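To begin, one chain is listed below as structure tokens, in the form predicted alone.
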Amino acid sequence: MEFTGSKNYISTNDLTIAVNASIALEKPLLVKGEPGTGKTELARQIASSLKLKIIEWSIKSTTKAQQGLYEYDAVSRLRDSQLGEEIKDISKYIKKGKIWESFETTKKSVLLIDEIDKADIEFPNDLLQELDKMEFYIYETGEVVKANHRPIIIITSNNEKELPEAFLRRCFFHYIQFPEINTLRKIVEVHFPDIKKSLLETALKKFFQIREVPGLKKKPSTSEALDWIKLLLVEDLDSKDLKSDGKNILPKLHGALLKNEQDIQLFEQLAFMSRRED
């Protein structure tokens, strides 16, 4: 089983190698990178390319590792008991988690654990044994759940906090660099195949100029570049508009690129200074 990329997702050679290495080693692939560089979409494209089911577990600050295995509804059981209902089957109070779902699939699946760094620092360590052994124990029923097939595990992180070393040792690691202009060009062409070459080249040039502005708190990402270019197409702008009137057009559309008030103010100041110089 080998990932060779997808027509809907531009994968660099080093990323493709990392995916296939993690599959061969049967280790989770930990993917880090700037927000918007396609970490989550990578898992979906791996599943699509290999024709496998994808099971997505989106992590929040309140998510506990146990929830990935199962949750026991003790409140409902107590309520039923108080109502005089005879409790014969405890399993009906057990809700399967995403890891359990991936364990019981009839063929190999892709398990996405998305934005693991949002959770508590102990969250990754709490999953070490289960992801290593591909099994876990249900205390309420005394049952052991074992994986029918080891899933391909993709774990994403925005690097908001450091992950435990014990967890890192068990992963294959890859950092997705922000795409160079040639790679970003291919990504845009996948999403907007009919875009005029002149508009694409001018827009990309201006986009990278914005990313390189000194003092930006949050540089615009790939997804924001796509939003911005979509707006250019909706507004029916062309390369001449960006070249001749770019100082006036860009501020109107910068909400797609800049997501921080400080950055917007910085950009407006630079645009104002540039107009004065002209």
Partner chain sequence: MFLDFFFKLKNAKIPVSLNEFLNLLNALDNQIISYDVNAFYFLARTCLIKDEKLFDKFDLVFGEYFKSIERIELEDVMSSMDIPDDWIKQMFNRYFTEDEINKIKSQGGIEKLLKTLKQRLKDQKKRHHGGNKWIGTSGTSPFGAYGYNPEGIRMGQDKRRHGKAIKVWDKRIFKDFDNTKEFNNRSFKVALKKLRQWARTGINQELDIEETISDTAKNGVLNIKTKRERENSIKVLLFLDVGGSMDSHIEQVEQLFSAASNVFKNLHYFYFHNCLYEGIWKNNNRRWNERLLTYDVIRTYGKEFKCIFVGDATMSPYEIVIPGGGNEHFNDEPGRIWLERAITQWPSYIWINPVVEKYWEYSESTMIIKDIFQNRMVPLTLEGIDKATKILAQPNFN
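Computed from a prediction, not measured in an experiment: that's the story for all the values here. Residue numbers count along the first chain shown, from 1.
Just so you know, the form predicted together with its partner chain exists too; it's not on screen, but the next bit is about it.
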* **its partner chain in the model of the complex reached by all of Val75, Leu78 and Glu160, non-hydrogen atom within 4.5 Å** => yes
* Only one of Tyr93, Tyr175, Trp100, Phe208 has a non-hydrogen atom within 4.5 angstroms of its partner chain in the model of the complex; which is it? -> Tyr175
* Structure fact -> As a check of understanding, the residue in Glu122, Glu135, Asp89, Glu140 with any heavy atom within 4.5 Å of its partner chain in the model of the complex should be identified as Glu122
* Asked: Okay, which stretch from 196 to 204, 101 to 109, 114 to 122, 147 to 155 lines its partner chain in the model of the complex, with non-hydrogen atoms inside 4.5 Å?
  -> 114 to 122
* Applying a 4.5 Å heavy atom distance criterion, does Lys186 contact its partner chain in the model of the complex? -> no
* Asked: Are any of the heavy atoms in Glu261 no more than 4.5 Å from a heavy atom of its partner chain in the model of the complex?
  -> no
* Heavy atoms within 4.5 Å of its partner chain in the model of the complex: does Lys27 have any? -> yes
* To do: Answer for Asn13 alone: is it within 4.5 Å of its partner chain in the model of the complex, judged on heavy atom distances?
  => yes
